[in-house]
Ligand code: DGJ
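A single chain comes next, written as C-alpha cells; it is the form predicted on its own.
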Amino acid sequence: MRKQILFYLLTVICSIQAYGQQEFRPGSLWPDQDGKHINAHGGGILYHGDTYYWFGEFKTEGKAGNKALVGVSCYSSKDLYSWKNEGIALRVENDSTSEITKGCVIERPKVIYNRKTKKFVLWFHLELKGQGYDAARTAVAVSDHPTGPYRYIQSYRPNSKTWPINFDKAWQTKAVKESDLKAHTDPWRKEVAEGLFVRRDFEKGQMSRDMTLFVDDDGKAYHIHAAEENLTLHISELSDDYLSFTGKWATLAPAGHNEAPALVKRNGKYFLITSGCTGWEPNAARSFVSNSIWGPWISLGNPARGNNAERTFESQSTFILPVHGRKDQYIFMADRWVPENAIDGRYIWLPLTFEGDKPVIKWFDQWSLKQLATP
C-alpha cells in the first residue's frame, strides 16, 4: 500500500512540474492532461490529420496488471509532449468464450489507417486466457474513428500452409525434428535456420508474439513479428484492407533470437531495431538494414551509445516514430518494464539519429524536438 500511495503522490508532483512541459524526460513519470501517469505500454503511434494517437497496453497494479484486465488505451496529442486520455479503444470482454476475455494477454498494440477503406486497423499480440504464452497469436480489430471503439474481428496464426519466399526449396522436405536435436547447440541452430520450426508450424500457421506494423510508401502494409519460439522474425504482407495476410512472407535473422521489432524507412532503406530475448530483463538492442522489405537484412550491431548502452538504458524497443513535417527526425520509443507493479512502467523516448546508414541512440536526461535536425 505504501508503494501505491508513493506512486500516486509522485504522479501528482510530476503533473505540477510538467504543466506546459516542452521536453521529454526519459524514465520519469509522464502525466497526461488529467495529471495521471500515461497508461499506454508497449505502444505505437499513428499520425492522422493533425494529431498523434498513442495506443498501448492499459496496465493495472501489481503482477496481475501484466494481463489484460481493461484493454487497449488511446491518447492524443498535437505536440508529442502533452497527451489527452481518449479512453479505452478496445475493451476486453466478460464473455468467457471470447478470445479477448478479461485475463487474456494483449501486448504491443499498433494502429494503421487504410486509405482505401477509410478504416483504422488495430493489430496486437494475443495470448489466450489460461494458456500462458502457448497460443502465440496475432489479432485484429477495426474502427471508423482513430480513438475507437474498435470492433474485434479475429486472431491468426499467420501464413498457414505457405512457405517463406526466401526459403530454400530443399528445406521444405527435411525430415529432422526437434526430438532429434539438443537445443541451443550449433547443429540445432543450423536446423532452426533451415526451417525446423517453420516446418513444424506449417499446417497450423506460424507463431506470432512481439509485433509491429509498417506501411510503405505505396500503401502496402506489413506485419513484423517474433516467431519460431522467438528464434526468428517473420515479415508478412497484409491484405489490401489490412485485415488479413496475403501469404507472402519472409524470415529475418533465422535463429537470431530477436523480439521487440521496430521498423522505419529512411532514404529508401529499411532500418529495424530489435532486442534479444531475456524476459523482462533488458539487454543490448540490435539493428539491421536492408534495401528491400524482404531482405537480405544486414546486422549493424547495437545502436545504443554511452553509459548503460549494453542494457539499452534499461529499456526495450517498441516503435520508431517519424516526426511529422520534420525531415530525418525520428523518436526511438521503448518501455522500461516493471513486472512487479505493471502500472508503474516508464517510457524511454530518445532521438534516433544516423551516422551514415547506421542508426544511433544516445541517452539524454531531458531533451526536446528543437535538439533534432532543423526541418
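Each residue number is its position in the shown sequence, starting from 1. This is a predicted model, so every value here is computed, not measured.
Keep in mind that the form predicted in complex with the named molecule is missing from the display, and what follows is about it.
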Taking the partner as it appears in the model of the complex, which of 278-286, 69-77, 297-305, 152-160 has residues with heavy atoms within 4.5 Å of the named molecule?
278-286
is_contact(residue 201, the named molecule) in the model of the complex, heavy atom dist at most 4.5 Å
no
Is residue 191 close enough to touch the named molecule in the model of the complex, meaning at least one heavy atom pair within 4.5 Å?
no
Although the partner isn't part of this model, could you tell me whether residue 349 comes within 4.5 Å of the named molecule in the model of the complex, counting any heavy atom of the residue?
no
Under a 4.5 Å heavy atom criterion, is residue 210 part of the interface with the named molecule in the model of the complex?
yes
Only one of 237, 107, 86, 229 gets a heavy atom within 4.5 Å of the named molecule in the model of the complex. Which one?
107
For the stretch 336-372, return the residues whose heavy atoms include at least one within 4.5 Å of the named molecule in the model of the complex, in the order they occur.
337
